[in-house]
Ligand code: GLU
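Taking the form predicted on its own, here's one chain by itself in structure tokens.
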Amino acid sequence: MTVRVRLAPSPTGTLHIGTARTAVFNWLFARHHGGDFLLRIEDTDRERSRPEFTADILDGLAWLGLSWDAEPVIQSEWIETHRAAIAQLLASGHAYRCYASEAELEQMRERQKASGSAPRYDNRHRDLTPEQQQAFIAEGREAVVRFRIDDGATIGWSDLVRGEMRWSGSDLGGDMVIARRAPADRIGDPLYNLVVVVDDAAMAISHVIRGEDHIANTAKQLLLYEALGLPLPVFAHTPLILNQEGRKLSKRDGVTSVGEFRAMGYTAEALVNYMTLLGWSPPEGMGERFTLTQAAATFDFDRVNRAGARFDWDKLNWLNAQVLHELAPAELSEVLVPLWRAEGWSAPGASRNAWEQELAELLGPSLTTLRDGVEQARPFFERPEPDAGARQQLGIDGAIAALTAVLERLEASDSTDSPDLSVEQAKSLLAEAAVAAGVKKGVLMKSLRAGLLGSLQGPDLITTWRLLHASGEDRTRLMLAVAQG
């Protein structure tokens, strides 16, 4: 069998993390078996579908590295094929027109609610005579098209994740609407369960891989496959992504779209790595840090869990930090510089690239997300306000004298003529300044950090000083600290 899988997102919102995880599993399965990963944009919800959401979905998948193998199918362009399938079901007697009004259906639901019954359509128009149909038409009623579901039917399939599945027709809510209301001489807009079956068959989809919230739909769709005489795909229903309370991850939990994760500074490599772990257990010895290609080499559904996967921010943060820490300084600079430019920042001097790369190397070991690379870089581009700890440090005995001694030695060395301050020069200058000011080295170093960064926390002090020295900013900040002290 040639493996052909698909992702079928609805462009009624941005790319959700759950949809993206489904895309990852489809992609991995296709690549593992040398098959095709296809896209279908299910835009038949005309009121809510937006082209900007389609663009967001495609951009998000591309950013994650989930390449597809053919031009995306636009579902709305196949609507006449869907209507032809409905006409076939009407002609074969598998479907019929239902003229029940919304008011009548609401009354039915209220009675069921009052009696404690499960909501379901009571199939009241399943066997209308031609005369009854004409009477409803004469009243000006429009009809939906419903698909007959035998309450006594047993629907079964072998699920790649959940094993043998069995559903009773009586649990499917009565005869299913497959087309919206329309006049008697027309077929209304086709609905989800019908169009999915027709489209998957037309695309020769071999495996339908989607979330467990579609299990009831699968039971209904299998009946449609049979009625239309279409070949059945293999189904795999993956676990849902849950929040820490064990409920389905939703907008109430904050970040849920791929674009939001991207804006927060998570890398595509870490996010797809983490999504793979949401429900899939890697083989022993593989570890938890891997690439898409490495995962595809071993991925199959025998290691996909049935239980829901709880979203773990700590695990995602750890993976993202691992990705960033593995980058060479030049690679890290390449991804950080556009973020710095977006803030309106530029490096000093002619050796801009070297300065930016050295700053990236300085910050790299402490980064968890790329946004950390913006916030931690801020003091190198914008003059910081001293925090409480820095103000306290600059107020202790010897602090201002120490900074004054540093400034005097900078002036004496005439280092303004050179943008460079070597590590050896910096260490020698500090040793001389400490002696001249009569302070311990610790007081000098803490005071220097407070003066340069406005904080007692930060990266390696010598490298920080050298970077600020390249633009002369070190002198300005130290002079301000002395004046304020």
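Note that the structure is predicted; figures quoted are calculated from it, not measured. Start at 1 with the first residue shown and count on from there.
There is another form of the same protein, the form predicted together with this ligand; it is not shown, and what comes next is about it.
Item to complete: Would you point out which of 325-333, 226-234, 81-89, 208-216 contains residues with a non-hydrogen atom within 4.5 Å of this ligand in the predicted complex?
Response: Of the options given, it is 208-216.
Practice prompt. Consider the chain as shown here, without its partner, and state which of 280, 157, 192, 136 has a heavy atom within 4.5 Å of this ligand in the predicted complex.
Written response: Comparing distances to this ligand in the predicted complex, the residue within 4.5 Å is 192.
Fill in: Candidate from 258, 402, 363, 196 lying within 4.5 Å of this ligand in the predicted complex - any heavy atom
Only one option qualifies, and that one is 196.
Worksheet item: Could you tell me if residue 10 has a non-hydrogen atom within 4.5 Å of this ligand in the predicted complex?
Response: Output for residue 10 is yes: heavy atoms within 4.5 Å of this ligand.
Worksheet item: Can any non-hydrogen atom of residue 42 be found within 4.5 angstroms of this ligand in the predicted complex?
Response: Flag for residue 42 set to yes.
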